[in-house]
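Presented as structure tokens, the chain that follows is alone, the form predicted on its own.
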């Protein structure tokens, strides 16, 4: 029988789960941008509200780290995982805000590849939210980080095809600059989901 001298500290896992659930809320809001007659300002404002809630969760996590003598796993890994989850939310919020501030949703339609990137992010968010509670047992996590990596590759491909379209001459120069900034935030969010998964893999290997 394997004995553990570390406490069964459920608060950390709860905070990770709440942070990941906010990422699902974030990608669901981005998906609303594909709907006809969407209130873009409303979507942007709600994304900001979710991002603020994620900031509160992250600060709560940091306070918990500093007030806990023995943590469930390495303090640095807890800090890193919390910080990376927050990074993803920052990128999701930036996408919504830029689309609204730049007026890009007034175009006849956003590029198909942009919607494909949002779809990838939605899948990554759901997988991450499903995986966070499993940190407590450190079981059944390998499929999660493998699939996140596969989706990140899909996101890279969609991002490259989006760049090809942006520089094809279909859009005027100013619109290209605006959409390129949005595309970069989408790609950064995909990468950040992979960074979260890589950190989970590192933690699982250390704790096995």
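Positions refer to the first chain, counted from 1. Computed from a prediction, not measured in an experiment: that's the story for all the values here.
Omitted from view is the form predicted together with another copy of the chain, to which the following refers.
**Q** Give a yes or no for residue 38: in the model of the complex, does one of its heavy atoms lie within 4.5 Å of a heavy atom belonging to another copy of the chain?
**A** The answer is no: residue 38 has no heavy atom within 4.5 Å of another copy of the chain.
**Q** Counting only non-hydrogen atoms and a 4.5 angstroms cut-off, does residue 183 reach another copy of the chain in the model of the complex?
**A** No.
**Q** Check residue 101 for me: does it contact another copy of the chain in the model of the complex (non-hydrogen atoms, 4.5 angstroms)?
**A** The answer is yes: residue 101 has a heavy atom within 4.5 Å of another copy of the chain.
**Q** Applying a 4.5 Å heavy atom distance criterion, does residue 70 contact another copy of the chain in the model of the complex?
**A** Looking in the model of the complex, residue contacts with another copy of the chain do not include residue 70, since no heavy atom lies within 4.5 Å.
**Q** Though another copy of the chain is not shown, can you say which of 33, 148, 158, 166 has a heavy atom within 4.5 Å of it in the model of the complex?
**A** Partner contact (heavy atom, 4.5 Å) among the options: 166.
**Q** Scan 119, 126, 80, 136 and let me know which has any heavy atom within 4.5 Å of another copy of the chain in the model of the complex.
**A** Looking at 119, 126, 80, 136 one by one, just 80 meets the 4.5 Å heavy-atom criterion.
**Q** Using a 4.5 Å heavy atom cutoff, which residues in 44-67 contact another copy of the chain in the model of the complex? It's fine if the answer is none.
**A** Sequence-ordered list: 62, 65, 66.
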